[in-house]
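As a starting point, one isolated chain is supplied in structure tokens, in the form predicted on its own.
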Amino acid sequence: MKYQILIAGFGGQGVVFLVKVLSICAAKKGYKFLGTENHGMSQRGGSVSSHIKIGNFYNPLIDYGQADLLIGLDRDEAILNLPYLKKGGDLVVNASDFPKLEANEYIVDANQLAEDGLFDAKGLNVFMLGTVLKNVKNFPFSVEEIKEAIKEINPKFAKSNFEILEKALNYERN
């Protein structure tokens, strides 16, 4: 198993929560996990990105053109991190539109869906993770493994996060 994920967003969108979920999933499957985070001005809504490597790696930073998956919680943050995505990789991005790339693109306007009341905007990160689970064929974790990790992090909010995850899995246009 060797898989590299870059998660990009801005402060308050839940990048760090997703890293925790994925690290728990990796640990439960016995995979090595390396991660590093760039917090920048995250307290003020600045850029936050995290490089995640699952498997036998020795350096947590992803080289340009090597990420298997880029999860963009924000369109502009995804664009800033596009150099890391490999050709033919998977891009899951929260946007109303996105430039055409040499990648498998899964574009969903999660901000608009939250505004329309499909889910609470606080769960945007979980909705995007559900979009990953639905679309990315070689993603190393299952829905049940993700749910276990979410529950382990905070059982109090697990039920609402599960509901958001299911809405993403059942959303027709992603």
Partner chain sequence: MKQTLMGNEAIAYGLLHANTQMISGYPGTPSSEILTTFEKISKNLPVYAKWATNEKVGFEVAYAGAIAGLNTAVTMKQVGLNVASDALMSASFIGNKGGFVLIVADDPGFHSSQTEQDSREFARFARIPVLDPATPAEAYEFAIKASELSQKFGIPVMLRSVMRVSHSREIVEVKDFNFEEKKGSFKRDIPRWAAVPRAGRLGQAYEREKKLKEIAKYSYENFIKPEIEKLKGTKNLIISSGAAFGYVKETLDELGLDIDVLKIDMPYPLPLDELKSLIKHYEKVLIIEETYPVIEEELRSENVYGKMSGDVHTIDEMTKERVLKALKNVGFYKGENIYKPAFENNFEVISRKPNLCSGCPHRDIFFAIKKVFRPKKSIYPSDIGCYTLGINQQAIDTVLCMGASVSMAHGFSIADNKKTVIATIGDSTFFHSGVAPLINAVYQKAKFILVILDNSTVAMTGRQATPERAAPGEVDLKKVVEGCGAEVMEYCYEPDIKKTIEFFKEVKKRYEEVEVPLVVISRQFCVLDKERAKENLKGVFATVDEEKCVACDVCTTQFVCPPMAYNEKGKIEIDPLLCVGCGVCISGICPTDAFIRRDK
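Because the structure is a prediction, the values reported are computed rather than measured. Residue numbers count along the first chain shown, from 1.
Here the subject shifts to the form predicted together with the partner chain, a form of this protein not shown in this document.
Report task. Look up in the predicted bound form whether Phe10 has a non-hydrogen atom within 4.5 angstroms of the partner chain, and give yes or no. Result -> Judged by the heavy-atom cut-off of 4.5 Å, Phe10 is in contact with the partner chain in the predicted bound form.
Report task. Please check if Ala103 has a heavy atom lying within 4.5 Å of any heavy atom of the partner chain in the predicted bound form. Result -> Although the partner chain is absent here, Ala103 would touch it in the predicted bound form, with heavy atoms inside 4.5 Å.
Query - Residue contact check: Val93 to the partner chain in the predicted bound form, 4.5 Å heavy atom - result: So Val93 does not count as contacting the partner chain.
Requested in this report: May I ask you to state whether Asp68 is within 4.5 Å of the partner chain in the predicted bound form, using heavy atom distances?
Outcome: Looking in the predicted bound form, residue contacts with the partner chain do not include Asp68, since no heavy atom lies within 4.5 Å.
Query - Heavy atom contacts to the partner chain in the predicted bound form at 4.5 Å, residues of 100-137 in sequence order - result: Leu101, Glu102, Ala103, Asn111, Ala114, Glu115, Ala121 sit within 4.5 Å of the partner.
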